[in-house]
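Take a look at this single chain, the form predicted on its own, given in C-alpha coordinates.
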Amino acid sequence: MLTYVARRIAIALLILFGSTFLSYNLAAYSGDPLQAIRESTDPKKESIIAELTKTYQLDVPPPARYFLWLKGILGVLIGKPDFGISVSTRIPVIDSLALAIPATIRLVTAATILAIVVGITFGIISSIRQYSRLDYSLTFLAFVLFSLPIFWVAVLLKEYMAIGFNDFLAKPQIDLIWNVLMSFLPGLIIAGFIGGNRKRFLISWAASFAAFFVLFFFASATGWFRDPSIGIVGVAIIGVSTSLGLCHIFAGLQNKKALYAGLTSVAVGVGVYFPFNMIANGSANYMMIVGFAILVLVVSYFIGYFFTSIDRGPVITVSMLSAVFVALFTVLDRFMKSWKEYYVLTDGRPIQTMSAYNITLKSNDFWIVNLDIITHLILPTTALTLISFAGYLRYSRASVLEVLNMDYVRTARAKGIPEREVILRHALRNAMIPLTTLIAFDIAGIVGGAIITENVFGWRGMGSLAAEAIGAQDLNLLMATFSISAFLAVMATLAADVFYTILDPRIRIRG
(Lines give C-alpha, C1' and ligand atoms only; values in the text may rest on other atoms or scores of the structure.)
Protein backbone atom coordinates (compact mmCIF):
# COMPACT_ATOMS: atom_id res chain seq x y z
CA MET A 1 0.00 0.00 0.00
CA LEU A 2 2.79 2.45 0.87
CA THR A 3 4.51 1.72 -2.45
CA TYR A 4 1.24 2.32 -4.28
CA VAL A 5 0.61 5.61 -2.47
CA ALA A 6 4.16 6.80 -3.11
CA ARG A 7 3.85 5.94 -6.81
CA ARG A 8 0.52 7.76 -7.07
CA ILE A 9 1.96 10.83 -5.33
CA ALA A 10 4.82 10.88 -7.82
CA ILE A 11 2.36 10.64 -10.73
CA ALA A 12 0.22 13.36 -9.14
CA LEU A 13 3.23 15.69 -8.96
CA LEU A 14 3.95 15.10 -12.65
CA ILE A 15 0.31 15.84 -13.50
CA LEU A 16 0.43 19.04 -11.45
CA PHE A 17 3.62 20.13 -13.18
CA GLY A 18 2.22 19.45 -16.64
CA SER A 19 -1.16 21.08 -16.01
CA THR A 20 0.27 24.23 -14.41
CA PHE A 21 2.94 24.55 -17.13
CA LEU A 22 0.37 24.36 -19.92
CA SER A 23 -2.09 26.65 -18.12
CA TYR A 24 0.58 29.24 -17.37
CA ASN A 25 1.77 29.43 -20.96
CA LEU A 26 -1.71 29.42 -22.48
CA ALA A 27 -2.80 32.22 -20.15
CA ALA A 28 0.41 34.19 -20.75
CA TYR A 29 0.14 34.01 -24.55
CA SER A 30 -3.63 34.69 -24.61
CA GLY A 31 -3.44 38.37 -23.71
CA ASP A 32 -1.35 41.33 -22.66
CA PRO A 33 -1.91 42.58 -19.09
CA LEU A 34 -0.47 45.98 -20.11
CA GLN A 35 -2.77 46.44 -23.12
CA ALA A 36 -4.88 49.11 -21.42
CA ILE A 37 -1.76 51.16 -20.56
CA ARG A 38 -0.35 50.80 -24.08
CA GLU A 39 -3.57 52.25 -25.51
CA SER A 40 -3.71 55.13 -23.04
CA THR A 41 -2.66 58.73 -23.82
CA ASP A 42 -0.68 59.15 -20.60
CA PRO A 43 2.64 60.84 -21.48
CA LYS A 44 4.38 58.70 -18.84
CA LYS A 45 3.06 55.43 -20.19
CA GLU A 46 6.45 54.28 -21.51
CA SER A 47 8.07 54.59 -18.09
CA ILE A 48 5.06 52.90 -16.46
CA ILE A 49 5.25 50.04 -18.96
CA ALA A 50 8.99 49.67 -18.36
CA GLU A 51 8.49 49.60 -14.59
CA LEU A 52 5.68 47.03 -14.74
CA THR A 53 7.59 44.92 -17.24
CA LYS A 54 10.51 44.77 -14.83
CA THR A 55 8.30 44.16 -11.78
CA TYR A 56 6.33 41.30 -13.37
CA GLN A 57 9.25 40.01 -15.49
CA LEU A 58 7.19 40.36 -18.66
CA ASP A 59 10.35 40.57 -20.74
CA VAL A 60 11.07 36.92 -19.91
CA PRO A 61 9.46 34.39 -22.31
CA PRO A 62 6.48 32.62 -20.67
CA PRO A 63 8.08 29.11 -20.66
CA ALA A 64 11.08 30.46 -18.74
CA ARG A 65 8.94 32.77 -16.62
CA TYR A 66 6.91 29.75 -15.50
CA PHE A 67 9.95 28.33 -13.69
CA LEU A 68 10.50 31.65 -11.92
CA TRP A 69 6.86 31.46 -10.78
CA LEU A 70 7.31 27.81 -9.79
CA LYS A 71 10.33 28.70 -7.67
CA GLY A 72 8.18 31.06 -5.62
CA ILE A 73 5.41 28.44 -5.27
CA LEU A 74 7.87 25.83 -4.00
CA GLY A 75 8.69 28.18 -1.16
CA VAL A 76 5.68 26.59 0.55
CA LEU A 77 8.03 23.69 1.41
CA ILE A 78 10.00 25.98 3.72
CA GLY A 79 6.98 27.97 4.88
CA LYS A 80 7.57 30.98 2.61
CA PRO A 81 5.31 30.66 -0.45
CA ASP A 82 5.45 33.45 -3.02
CA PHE A 83 2.55 33.60 -5.48
CA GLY A 84 3.78 36.88 -6.94
CA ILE A 85 2.18 40.31 -7.11
CA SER A 86 -1.29 40.87 -8.50
CA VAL A 87 -1.30 43.03 -11.64
CA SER A 88 -4.80 44.39 -10.97
CA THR A 89 -4.49 45.21 -7.25
CA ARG A 90 -0.67 45.60 -6.92
CA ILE A 91 -0.71 43.61 -3.67
CA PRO A 92 0.79 40.16 -2.96
CA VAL A 93 -1.45 37.37 -4.24
CA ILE A 94 -0.96 35.49 -0.97
CA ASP A 95 -2.82 38.30 0.84
CA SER A 96 -5.81 37.98 -1.50
CA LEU A 97 -5.82 34.21 -1.01
CA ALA A 98 -5.70 34.61 2.77
CA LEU A 99 -8.98 36.57 2.62
CA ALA A 100 -10.71 34.50 -0.07
CA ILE A 101 -10.01 30.92 1.05
CA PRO A 102 -11.67 31.16 4.51
CA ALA A 103 -14.77 32.81 3.01
CA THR A 104 -15.10 30.12 0.33
CA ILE A 105 -14.53 27.27 2.77
CA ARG A 106 -17.19 28.72 5.07
CA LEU A 107 -19.59 29.11 2.15
CA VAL A 108 -19.16 25.82 0.31
CA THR A 109 -18.25 23.38 3.11
CA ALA A 110 -21.66 23.51 4.81
CA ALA A 111 -23.46 23.16 1.47
CA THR A 112 -21.28 20.24 0.38
CA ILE A 113 -21.69 18.32 3.63
CA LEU A 114 -25.45 18.91 3.71
CA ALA A 115 -25.84 17.86 0.07
CA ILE A 116 -23.82 14.68 0.64
CA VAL A 117 -25.62 13.62 3.83
CA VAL A 118 -29.17 14.56 2.79
CA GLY A 119 -28.79 13.52 -0.85
CA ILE A 120 -27.35 10.07 -0.10
CA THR A 121 -29.86 9.49 2.71
CA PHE A 122 -32.81 10.33 0.48
CA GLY A 123 -31.29 8.32 -2.37
CA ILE A 124 -31.09 5.22 -0.16
CA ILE A 125 -34.68 5.70 1.02
CA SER A 126 -35.82 6.20 -2.58
CA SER A 127 -34.10 2.99 -3.71
CA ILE A 128 -35.59 0.97 -0.84
CA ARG A 129 -39.08 2.33 -1.66
CA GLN A 130 -38.65 1.86 -5.42
CA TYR A 131 -41.76 2.74 -7.48
CA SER A 132 -43.60 4.00 -4.39
CA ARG A 133 -45.20 7.44 -4.00
CA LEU A 134 -42.12 8.61 -2.15
CA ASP A 135 -39.78 7.34 -4.87
CA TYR A 136 -41.73 9.09 -7.62
CA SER A 137 -41.88 12.31 -5.58
CA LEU A 138 -38.15 12.35 -4.82
CA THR A 139 -37.29 11.49 -8.43
CA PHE A 140 -39.48 14.32 -9.70
CA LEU A 141 -37.95 16.73 -7.16
CA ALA A 142 -34.42 15.68 -8.13
CA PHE A 143 -35.03 16.24 -11.84
CA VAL A 144 -36.61 19.65 -11.18
CA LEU A 145 -33.74 20.83 -8.97
CA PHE A 146 -31.12 19.37 -11.31
CA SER A 147 -32.52 21.41 -14.22
CA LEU A 148 -32.76 24.73 -12.40
CA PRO A 149 -29.98 27.34 -12.98
CA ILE A 150 -28.23 28.29 -9.76
CA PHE A 151 -28.55 32.06 -10.35
CA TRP A 152 -32.34 31.78 -10.72
CA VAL A 153 -32.63 29.74 -7.52
CA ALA A 154 -30.43 32.27 -5.72
CA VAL A 155 -32.58 35.20 -6.84
CA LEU A 156 -35.78 33.44 -5.74
CA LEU A 157 -34.25 32.71 -2.35
CA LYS A 158 -33.28 36.36 -1.93
CA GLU A 159 -36.80 37.47 -2.82
CA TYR A 160 -38.87 35.03 -0.75
CA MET A 161 -36.58 33.56 1.89
CA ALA A 162 -34.91 36.86 2.84
CA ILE A 163 -36.90 39.91 1.77
CA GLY A 164 -40.29 38.23 2.21
CA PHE A 165 -39.34 36.64 5.55
CA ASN A 166 -37.90 39.90 6.88
CA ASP A 167 -41.15 41.66 5.97
CA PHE A 168 -43.08 38.90 7.73
CA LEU A 169 -41.05 39.40 10.92
CA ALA A 170 -42.34 42.97 11.18
CA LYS A 171 -45.73 41.41 12.03
CA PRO A 172 -45.16 37.66 12.57
CA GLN A 173 -48.76 36.49 12.41
CA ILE A 174 -49.78 33.49 10.27
CA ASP A 175 -53.37 33.71 9.04
CA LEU A 176 -55.63 30.68 8.70
CA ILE A 177 -55.12 30.11 4.96
CA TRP A 178 -51.32 30.21 5.18
CA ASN A 179 -51.38 27.97 8.22
CA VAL A 180 -53.37 25.37 6.27
CA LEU A 181 -51.02 25.58 3.28
CA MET A 182 -47.88 25.45 5.41
CA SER A 183 -49.19 22.44 7.35
CA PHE A 184 -50.34 20.58 4.23
CA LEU A 185 -46.91 20.17 2.57
CA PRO A 186 -44.83 18.87 5.53
CA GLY A 187 -47.71 16.56 6.44
CA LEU A 188 -47.61 15.18 2.91
CA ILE A 189 -43.83 14.67 3.12
CA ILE A 190 -43.99 12.84 6.46
CA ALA A 191 -46.86 10.62 5.25
CA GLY A 192 -44.79 9.78 2.17
CA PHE A 193 -41.85 8.72 4.32
CA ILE A 194 -44.07 6.55 6.53
CA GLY A 195 -45.60 4.90 3.46
CA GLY A 196 -48.05 2.00 3.56
CA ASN A 197 -51.45 1.55 1.93
CA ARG A 198 -53.83 4.41 1.18
CA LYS A 199 -55.56 4.25 4.56
CA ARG A 200 -52.27 4.38 6.47
CA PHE A 201 -51.06 7.20 4.22
CA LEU A 202 -54.16 9.30 4.90
CA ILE A 203 -54.01 8.67 8.64
CA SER A 204 -50.32 9.65 8.73
CA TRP A 205 -51.01 12.77 6.71
CA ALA A 206 -53.96 13.82 8.89
CA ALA A 207 -51.95 13.36 12.10
CA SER A 208 -48.96 15.26 10.69
CA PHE A 209 -51.18 18.03 9.32
CA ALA A 210 -52.87 18.49 12.70
CA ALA A 211 -49.54 18.55 14.54
CA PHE A 212 -48.03 21.19 12.24
CA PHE A 213 -51.23 23.26 12.28
CA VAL A 214 -51.17 23.41 16.09
CA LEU A 215 -47.42 24.11 16.07
CA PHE A 216 -47.69 27.03 13.64
CA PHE A 217 -50.75 28.41 15.45
CA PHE A 218 -48.87 28.32 18.77
CA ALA A 219 -45.76 29.96 17.24
CA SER A 220 -47.89 32.72 15.71
CA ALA A 221 -49.92 33.35 18.86
CA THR A 222 -46.89 33.54 21.17
CA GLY A 223 -44.65 35.62 18.87
CA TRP A 224 -42.15 32.77 18.69
CA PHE A 225 -40.66 33.97 15.39
CA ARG A 226 -39.42 37.18 17.02
CA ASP A 227 -38.27 35.56 20.26
CA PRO A 228 -37.64 31.86 19.46
CA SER A 229 -36.58 29.20 21.94
CA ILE A 230 -36.51 25.41 22.20
CA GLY A 231 -36.02 25.12 25.94
CA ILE A 232 -34.98 22.09 27.94
CA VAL A 233 -38.33 20.38 27.34
CA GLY A 234 -38.02 20.82 23.58
CA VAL A 235 -34.42 19.58 23.60
CA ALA A 236 -35.51 16.51 25.60
CA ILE A 237 -38.43 15.72 23.26
CA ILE A 238 -36.30 16.17 20.13
CA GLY A 239 -33.48 14.14 21.68
CA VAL A 240 -35.71 11.19 22.60
CA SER A 241 -37.42 11.21 19.19
CA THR A 242 -34.09 11.36 17.38
CA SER A 243 -32.62 8.59 19.54
CA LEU A 244 -35.57 6.30 18.80
CA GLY A 245 -35.19 6.96 15.08
CA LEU A 246 -31.43 6.33 15.15
CA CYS A 247 -31.94 3.14 17.12
CA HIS A 248 -34.50 1.94 14.58
CA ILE A 249 -32.08 2.64 11.69
CA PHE A 250 -28.79 1.37 13.07
CA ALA A 251 -29.73 -1.35 15.55
CA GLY A 252 -33.48 -1.98 15.53
CA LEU A 253 -35.84 -1.11 18.36
CA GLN A 254 -35.64 -4.71 19.56
CA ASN A 255 -31.99 -4.07 20.48
CA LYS A 256 -32.61 -2.88 24.04
CA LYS A 257 -28.93 -2.22 24.71
CA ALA A 258 -28.74 0.28 21.86
CA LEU A 259 -32.06 1.83 22.87
CA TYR A 260 -31.00 2.28 26.50
CA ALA A 261 -27.57 3.61 25.49
CA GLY A 262 -29.13 6.21 23.20
CA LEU A 263 -31.67 7.33 25.79
CA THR A 264 -28.96 7.50 28.46
CA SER A 265 -26.89 9.77 26.21
CA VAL A 266 -29.96 11.95 25.70
CA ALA A 267 -30.53 12.13 29.48
CA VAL A 268 -26.90 13.14 30.05
CA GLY A 269 -27.16 15.75 27.31
CA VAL A 270 -30.33 17.21 28.79
CA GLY A 271 -28.66 17.18 32.22
CA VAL A 272 -25.91 19.54 31.05
CA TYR A 273 -28.40 21.96 29.42
CA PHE A 274 -28.43 24.46 32.28
CA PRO A 275 -24.69 24.20 33.13
CA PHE A 276 -23.84 24.78 29.47
CA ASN A 277 -26.08 27.86 29.26
CA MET A 278 -24.59 29.27 32.45
CA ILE A 279 -21.02 28.82 31.23
CA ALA A 280 -21.73 29.89 27.65
CA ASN A 281 -23.71 32.97 28.61
CA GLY A 282 -20.83 35.33 29.29
CA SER A 283 -17.55 33.69 28.33
CA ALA A 284 -18.27 31.68 25.20
CA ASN A 285 -15.57 31.12 22.60
CA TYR A 286 -14.65 28.61 19.91
CA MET A 287 -12.37 26.61 22.21
CA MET A 288 -15.23 26.13 24.66
CA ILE A 289 -17.54 24.88 21.87
CA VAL A 290 -14.85 22.49 20.60
CA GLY A 291 -14.23 21.26 24.13
CA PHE A 292 -17.96 20.74 24.62
CA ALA A 293 -18.12 18.72 21.37
CA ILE A 294 -15.17 16.53 22.38
CA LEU A 295 -16.69 15.93 25.83
CA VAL A 296 -20.01 14.91 24.23
CA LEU A 297 -18.30 12.44 21.88
CA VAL A 298 -16.10 10.90 24.59
CA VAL A 299 -18.89 10.50 27.17
CA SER A 300 -21.36 9.09 24.62
CA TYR A 301 -18.73 6.67 23.34
CA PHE A 302 -18.14 5.21 26.79
CA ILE A 303 -21.89 5.07 27.45
CA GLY A 304 -22.31 2.90 24.37
CA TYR A 305 -19.17 0.91 25.17
CA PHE A 306 -20.23 -0.06 28.68
CA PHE A 307 -23.82 -0.95 27.76
CA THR A 308 -22.78 -4.10 25.94
CA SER A 309 -19.79 -6.34 25.28
CA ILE A 310 -21.17 -7.96 22.11
CA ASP A 311 -21.51 -6.20 18.75
CA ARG A 312 -20.66 -2.81 20.21
CA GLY A 313 -20.62 -0.99 16.86
CA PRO A 314 -24.37 -0.25 16.45
CA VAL A 315 -24.77 0.52 20.18
CA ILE A 316 -21.91 3.03 20.19
CA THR A 317 -23.19 4.58 16.95
CA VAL A 318 -26.66 5.13 18.39
CA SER A 319 -25.23 6.50 21.64
CA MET A 320 -22.84 8.95 19.97
CA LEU A 321 -25.29 10.20 17.34
CA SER A 322 -28.01 10.69 19.97
CA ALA A 323 -25.62 12.80 22.05
CA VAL A 324 -24.50 14.78 19.01
CA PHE A 325 -28.09 15.73 18.12
CA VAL A 326 -28.88 16.77 21.70
CA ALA A 327 -25.71 18.89 21.76
CA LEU A 328 -26.57 20.49 18.40
CA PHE A 329 -30.05 21.46 19.55
CA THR A 330 -28.68 22.76 22.85
CA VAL A 331 -26.30 25.05 20.94
CA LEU A 332 -29.11 26.00 18.53
CA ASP A 333 -31.31 26.95 21.49
CA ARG A 334 -28.52 29.21 22.78
CA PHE A 335 -28.34 30.94 19.40
CA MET A 336 -32.11 31.41 19.48
CA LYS A 337 -31.84 33.26 22.78
CA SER A 338 -29.71 35.89 21.01
CA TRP A 339 -32.11 36.23 18.07
CA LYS A 340 -34.22 39.01 19.62
CA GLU A 341 -31.17 41.18 20.30
CA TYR A 342 -29.78 40.45 16.84
CA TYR A 343 -33.12 41.41 15.28
CA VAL A 344 -32.88 44.85 16.90
CA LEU A 345 -29.22 45.31 15.87
CA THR A 346 -30.09 44.59 12.22
CA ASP A 347 -32.99 47.07 12.19
CA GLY A 348 -35.52 44.30 11.69
CA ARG A 349 -33.78 42.73 8.66
CA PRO A 350 -31.98 39.71 10.18
CA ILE A 351 -31.81 37.45 7.08
CA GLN A 352 -28.95 38.89 5.05
CA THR A 353 -28.73 38.86 1.24
CA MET A 354 -25.24 40.21 0.53
CA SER A 355 -21.62 39.71 1.67
CA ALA A 356 -20.15 37.31 4.22
CA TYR A 357 -20.74 39.43 7.32
CA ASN A 358 -22.22 42.73 8.48
CA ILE A 359 -19.42 45.28 8.84
CA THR A 360 -21.75 47.71 10.65
CA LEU A 361 -22.79 45.25 13.36
CA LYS A 362 -22.11 46.83 16.74
CA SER A 363 -21.61 43.87 19.04
CA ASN A 364 -18.74 41.77 20.38
CA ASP A 365 -21.00 39.08 21.81
CA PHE A 366 -19.88 35.62 20.64
CA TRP A 367 -23.40 34.43 19.88
CA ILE A 368 -24.45 37.64 18.10
CA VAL A 369 -21.34 37.69 15.90
CA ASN A 370 -21.73 34.05 14.91
CA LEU A 371 -25.46 34.48 14.41
CA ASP A 372 -24.58 37.18 11.90
CA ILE A 373 -22.25 34.77 10.08
CA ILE A 374 -24.97 32.10 10.03
CA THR A 375 -27.64 34.44 8.66
CA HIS A 376 -25.28 35.43 5.84
CA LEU A 377 -24.71 31.73 5.10
CA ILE A 378 -28.36 30.69 4.95
CA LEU A 379 -29.19 31.79 1.41
CA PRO A 380 -26.03 30.77 -0.50
CA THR A 381 -25.80 27.49 1.41
CA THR A 382 -29.43 26.67 0.64
CA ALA A 383 -28.93 27.48 -3.06
CA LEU A 384 -25.83 25.30 -3.40
CA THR A 385 -27.34 22.47 -1.35
CA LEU A 386 -30.53 22.29 -3.42
CA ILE A 387 -28.61 21.97 -6.69
CA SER A 388 -26.01 19.46 -5.39
CA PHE A 389 -28.64 17.47 -3.46
CA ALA A 390 -30.36 16.43 -6.69
CA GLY A 391 -27.20 14.89 -8.13
CA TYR A 392 -26.36 12.94 -4.99
CA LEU A 393 -29.93 11.66 -4.73
CA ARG A 394 -29.91 10.29 -8.27
CA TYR A 395 -26.41 8.81 -8.07
CA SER A 396 -26.98 7.13 -4.70
CA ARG A 397 -30.38 5.76 -5.74
CA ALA A 398 -28.95 4.17 -8.90
CA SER A 399 -25.93 2.79 -7.04
CA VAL A 400 -27.97 1.22 -4.23
CA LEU A 401 -30.49 -0.29 -6.69
CA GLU A 402 -27.65 -1.90 -8.62
CA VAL A 403 -26.20 -3.45 -5.47
CA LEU A 404 -29.58 -4.62 -4.16
CA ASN A 405 -30.02 -6.75 -7.27
CA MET A 406 -26.76 -8.64 -6.75
CA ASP A 407 -26.59 -12.27 -5.69
CA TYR A 408 -24.87 -11.75 -2.35
CA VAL A 409 -27.69 -9.41 -1.23
CA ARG A 410 -30.28 -12.03 -2.19
CA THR A 411 -28.25 -14.60 -0.24
CA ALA A 412 -28.17 -12.36 2.83
CA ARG A 413 -31.95 -11.97 2.66
CA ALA A 414 -32.40 -15.71 2.17
CA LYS A 415 -30.45 -16.31 5.38
CA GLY A 416 -33.06 -14.31 7.26
CA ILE A 417 -30.86 -11.31 8.02
CA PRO A 418 -33.02 -8.27 8.90
CA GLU A 419 -33.53 -5.84 6.03
CA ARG A 420 -31.85 -3.06 8.03
CA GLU A 421 -28.62 -5.05 8.28
CA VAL A 422 -28.84 -6.08 4.63
CA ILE A 423 -28.93 -2.41 3.64
CA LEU A 424 -26.42 -0.98 6.10
CA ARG A 425 -23.87 -3.78 6.38
CA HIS A 426 -24.01 -5.43 2.97
CA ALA A 427 -25.46 -3.15 0.31
CA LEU A 428 -24.52 0.36 1.43
CA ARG A 429 -20.79 -0.24 1.74
CA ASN A 430 -20.46 -1.46 -1.85
CA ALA A 431 -22.91 1.15 -3.11
CA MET A 432 -20.63 3.86 -1.74
CA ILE A 433 -17.73 2.83 -4.02
CA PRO A 434 -18.90 4.71 -7.15
CA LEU A 435 -20.04 7.62 -4.98
CA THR A 436 -16.57 7.97 -3.45
CA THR A 437 -15.14 9.60 -6.57
CA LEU A 438 -18.04 12.06 -6.78
CA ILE A 439 -17.69 12.98 -3.10
CA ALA A 440 -13.90 13.34 -3.36
CA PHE A 441 -14.10 15.75 -6.28
CA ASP A 442 -16.88 17.78 -4.66
CA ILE A 443 -14.80 18.18 -1.51
CA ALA A 444 -11.80 19.11 -3.65
CA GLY A 445 -13.93 21.74 -5.37
CA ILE A 446 -14.66 23.47 -2.06
CA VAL A 447 -11.67 25.80 -2.41
CA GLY A 448 -12.33 26.20 -6.12
CA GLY A 449 -15.23 28.40 -5.18
CA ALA A 450 -18.71 28.89 -6.54
CA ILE A 451 -18.34 31.72 -9.03
CA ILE A 452 -22.03 32.36 -9.78
CA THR A 453 -23.21 32.00 -6.19
CA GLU A 454 -20.44 34.23 -4.87
CA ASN A 455 -21.32 36.93 -7.39
CA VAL A 456 -25.08 36.80 -6.70
CA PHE A 457 -24.60 37.04 -2.93
CA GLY A 458 -21.60 39.40 -3.00
CA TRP A 459 -19.05 37.05 -1.43
CA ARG A 460 -15.34 37.70 -1.90
CA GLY A 461 -14.16 34.11 -2.33
CA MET A 462 -12.00 31.97 -4.60
CA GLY A 463 -14.63 31.87 -7.34
CA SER A 464 -14.94 35.65 -7.61
CA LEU A 465 -11.14 35.92 -7.32
CA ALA A 466 -10.68 33.62 -10.33
CA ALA A 467 -13.29 35.53 -12.34
CA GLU A 468 -11.57 38.81 -11.50
CA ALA A 469 -8.18 37.40 -12.55
CA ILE A 470 -9.55 36.26 -15.91
CA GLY A 471 -11.19 39.61 -16.59
CA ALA A 472 -8.05 41.59 -15.70
CA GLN A 473 -5.65 39.10 -17.35
CA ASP A 474 -3.93 38.87 -14.00
CA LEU A 475 -1.66 35.87 -14.54
CA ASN A 476 -0.30 35.52 -11.01
CA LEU A 477 -3.74 35.70 -9.42
CA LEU A 478 -5.21 33.28 -11.97
CA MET A 479 -2.42 30.73 -11.51
CA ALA A 480 -2.74 30.91 -7.73
CA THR A 481 -6.43 29.96 -7.84
CA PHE A 482 -5.85 27.35 -10.56
CA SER A 483 -2.88 25.67 -8.86
CA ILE A 484 -4.74 25.33 -5.56
CA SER A 485 -7.78 23.81 -7.30
CA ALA A 486 -5.57 21.49 -9.39
CA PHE A 487 -3.68 20.30 -6.32
CA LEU A 488 -6.89 19.49 -4.47
CA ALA A 489 -8.34 17.68 -7.51
CA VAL A 490 -5.27 15.46 -7.83
CA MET A 491 -5.24 14.73 -4.12
CA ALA A 492 -8.96 13.90 -4.28
CA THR A 493 -8.24 11.28 -6.94
CA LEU A 494 -5.58 9.72 -4.73
CA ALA A 495 -7.89 9.78 -1.69
CA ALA A 496 -10.68 8.14 -3.69
CA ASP A 497 -8.40 5.30 -4.78
CA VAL A 498 -7.30 4.68 -1.20
CA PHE A 499 -10.91 4.70 0.05
CA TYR A 500 -11.82 2.09 -2.57
CA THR A 501 -9.63 -0.42 -0.77
CA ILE A 502 -11.18 0.48 2.59
CA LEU A 503 -14.75 0.11 1.35
CA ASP A 504 -14.17 -3.11 -0.60
CA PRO A 505 -11.53 -5.56 0.71
CA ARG A 506 -11.68 -7.41 -2.62
CA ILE A 507 -9.79 -4.57 -4.23
CA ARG A 508 -6.08 -5.29 -3.97
CA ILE A 509 -3.26 -3.00 -4.98
CA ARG A 510 -0.58 -4.89 -6.90
CA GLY A 511 2.92 -3.75 -7.74
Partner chain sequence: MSEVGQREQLVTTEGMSQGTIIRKKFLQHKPAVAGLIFMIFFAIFVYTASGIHLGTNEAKFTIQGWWKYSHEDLLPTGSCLSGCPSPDHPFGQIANGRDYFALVMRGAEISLMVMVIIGSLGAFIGTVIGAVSGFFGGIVDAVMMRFTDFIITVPSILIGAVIGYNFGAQGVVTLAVFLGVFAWTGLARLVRGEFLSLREREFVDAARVAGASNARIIFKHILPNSVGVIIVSTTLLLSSSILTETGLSFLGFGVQAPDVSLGLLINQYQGDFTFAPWLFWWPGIIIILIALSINFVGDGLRDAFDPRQRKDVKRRKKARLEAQQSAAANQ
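Positions refer to the first chain, counted from 1. All values derive from a computational prediction rather than experimental measurement.
Just so it is clear, the following notes concern the form predicted together with the partner chain, a form of the same protein that is not shown.
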Using heavy atoms and a 4.5 Å cut-off, decide whether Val144, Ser147 and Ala486 all contact the partner chain in the predicted complex. yes
The partner chain contact in the predicted complex: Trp178, any heavy atom under 4.5 Å: no
In the predicted complex, does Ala466 come within 4.5 Å of the partner chain, counting heavy atoms only? yes
Using a 4.5 angstroms cut-off on non-hydrogen atoms, would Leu22 count as touching the partner chain in the predicted complex? yes
4.5 angstroms heavy atom contact with the partner chain in the predicted complex for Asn405: yes
Can you pick the one in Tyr286, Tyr160, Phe274, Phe218 that has a heavy atom within 4.5 Å of the partner chain in the predicted complex? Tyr160
Candidate from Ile470, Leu68, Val60, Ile49 lying within 4.5 Å of the partner chain in the predicted complex - any heavy atom: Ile470
The stretch from 320-328, 248-256, 358-366, 151-159 that lies within 4.5 Å of the partner chain in the predicted complex, judged by heavy atoms, is 151-159
Stretch 7-28: residues contacting the partner chain in the predicted complex, 4.5 Å heavy atom cut-off: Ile11, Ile15, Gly18, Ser19, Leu22, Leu26
